[in-house]
Ligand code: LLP
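In the form predicted on its own, a lone chain appears below as structure tokens.
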Amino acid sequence: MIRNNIVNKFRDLPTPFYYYDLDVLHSTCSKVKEESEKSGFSIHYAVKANANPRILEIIASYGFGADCVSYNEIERAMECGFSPSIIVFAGVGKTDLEIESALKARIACFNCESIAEIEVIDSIAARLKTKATIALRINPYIEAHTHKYITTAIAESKFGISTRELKDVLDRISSLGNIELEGIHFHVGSQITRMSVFRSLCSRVNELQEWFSSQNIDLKTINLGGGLGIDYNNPDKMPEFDEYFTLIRELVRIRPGQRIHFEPGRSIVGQCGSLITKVLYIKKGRNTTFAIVDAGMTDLIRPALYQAHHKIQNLTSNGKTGKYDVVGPICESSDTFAKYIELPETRRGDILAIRSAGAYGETMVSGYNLRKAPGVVFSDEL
């Protein structure tokens, strides 16, 4: 909840800007730590969700690891207090330089997605006279029931190793001298709101555990990725971490000495952030009224890219409710945050909050139209 005393301070700040409620972030991290530790689960925060240094420093302070998809993310994570010994490196297109840099940094593990990638990692590790610890990212062929752009475990996906390839992968690894296979990794998608998806994943994990056992391979880690969604209609609601972790604990048949890893991103940071923007103009259209604001798709691309819903609140009006299209100034028709939503009577100068913008908001800002990046304000600065 954005309190009135904070709103009064917003009036004097240049918009647009990201506002981060650090009390919400601390509460969320505390809940994740509490619920995961009940079962001995390991947490690696997905840096791609929000790489703001202050946010990362707070998350690192809870003892979590980091899930990174570029060496720049690894470097940022280490700068913000994450130990390389609990950093994992994922992604289908790691470059040679990134692999070499990650090996030199002595990160915990590479999540690998193809035989070709494993061979390159082995050759670079050999040149550096070291060994690379890897996990195999496996495509479990599970429908995530989310937007197609953030579904990652179907047959057409570029992500993961097919189960049909696993025997060939293991045969190739056995011939490589600088690879140590530690575990298996999964990620079925993002913004998953159906627990049935995770139930299906647990079932698949158990099946694959049996298969690896039949190959006389003992897996030290089972990495279930991330994907737990947040409630975009209720920005003050915390994700269901207790239900999520309890389900995994009850359904995955963990072997002696194994540890379960998770890579949450959105669920940790999504609800702590809001994009604050000011109304520039009210424009009457033929069938709608446009509230044209100074934030655009360059500041928050999710609605344009994913047709994503964010709750929008007018923080400075208590007038009669009307219907509005909230749109930005970018020269694209897709630069629309919401269509035909109810807001109290909205005028030039009103301040709007686009809620649940802590994940995949600031980290996806672009400079299209040579736009200046939005500012950042933390709750303890006001």
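When you see a residue number, it is the position in the sequence shown, counting from 1. For clarity, every value in this text was computed on a predicted model and none was experimentally measured.
Heads up, the form predicted together with this ligand isn't pictured, but that's what we're talking about next.
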Pick from 93-101, 222-230, 78-86, 167-175: which stretch has non-hydrogen atoms within 4.5 Å of this ligand in the predicted bound form? 222-230
Look up in the predicted bound form whether residue 360 has a non-hydrogen atom within 4.5 angstroms of this ligand, and give yes or no. yes
Taking this ligand as it sits in the predicted bound form, is residue 190 in contact with it (heavy atom to heavy atom, 4.5 Å or less)? yes
Residue 55: heavy atom within 4.5 Å of this ligand in the predicted bound form? no
Should residue 183 be classed as touching this ligand in the predicted bound form when contacts are defined as heavy atoms within 4.5 Å? no
Since exactly one of 264, 235, 273, 160 fits, which has a heavy atom within 4.5 Å of this ligand in the predicted bound form? 264
With this ligand left out of view, choose which of 354, 326, 46, 43 has a non-hydrogen atom within 4.5 angstroms of it in the predicted bound form. 46
Sequence-ordered residues of 292-317 touching this ligand in the predicted bound form, heavy atom within 4.5 Å: 302, 306
